[in-house]
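A single chain, nothing else alongside it, follows as structure tokens in the form predicted alone.
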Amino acid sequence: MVCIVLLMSIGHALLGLLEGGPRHGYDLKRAYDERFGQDRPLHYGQVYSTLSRLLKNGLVSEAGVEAGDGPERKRYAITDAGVTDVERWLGTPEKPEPYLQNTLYAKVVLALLSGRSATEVLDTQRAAHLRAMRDLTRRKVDGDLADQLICDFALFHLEADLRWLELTAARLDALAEEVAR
């Protein structure tokens, strides 16, 4: 599954989580991982380096220190500038990605150019997509609403890829002629 959060700004996600109230880094990491990072949790270093950058840029402030069993934990709070930044980020549409430079397309063309089977390339990819879709469907059935929505997002993209695979397979002879020129 493509991890959607990779495309998301970690800084904005942490700022958004801080809108619920001040938190320390460990708590932010846990909240992030529960909401967005099930497939790719954040590293602690990533959380603290991001918080440091947000602090430097005036988007968060230190809101006290908690004593605990281990080292003291700094609590961070979102500033007015941080709230404005989150609002701006939420209001900015993501750029639709047309995927015009697709690795799979390159593999099909290179298979045709080299005399290898482009059909095998497409069949292998189709099988991988179907496996991923089965896994996501199982995860969706057992998941909560957030998991269902993220799985639907990934499934819809995989379905679009499958349609492309079928269309390309149907046009393979014409593509082979065009590539041979």
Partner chain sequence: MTTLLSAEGLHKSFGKTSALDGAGIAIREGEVVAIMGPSGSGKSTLLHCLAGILPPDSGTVTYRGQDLTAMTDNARSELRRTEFGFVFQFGQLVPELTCLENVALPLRLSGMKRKDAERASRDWMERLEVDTVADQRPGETSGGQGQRVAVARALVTAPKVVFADEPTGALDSLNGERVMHLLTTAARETGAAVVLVTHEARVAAYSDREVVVRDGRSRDVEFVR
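Model, not experiment: these values are computed from the prediction. Residue numbers count along the first chain shown, from 1.
Unshown form predicted together with the partner chain; subsequent notes refer to it.
- Here the marked residues 120, 134 and 159 all reach the partner chain in the model of the complex, each with a heavy atom within 4.5 angstroms.
- Contact check for residue 155: a non-hydrogen atom falls within 4.5 Å of the partner chain in the model of the complex.
- When contacts are judged by a 4.5 Å heavy atom cut-off, residue 29 does not count as touching the partner chain in the model of the complex.
- The closest heavy atom approach of residue 140 to the partner chain in the model of the complex falls within 4.5 Å.
- Looking at residue 126, you'd find a heavy atom of it within 4.5 angstroms of the partner chain in the model of the complex.
- For the residues 65, 130, 146, 55, the 4.5 Å heavy atom test against the partner chain in the model of the complex is passed only by 130.
- In summary, the C-alpha positions of residue 148 and residue 88 diverge in the model of the complex, ending up at least 3 angstroms farther from each other than in this conformation.
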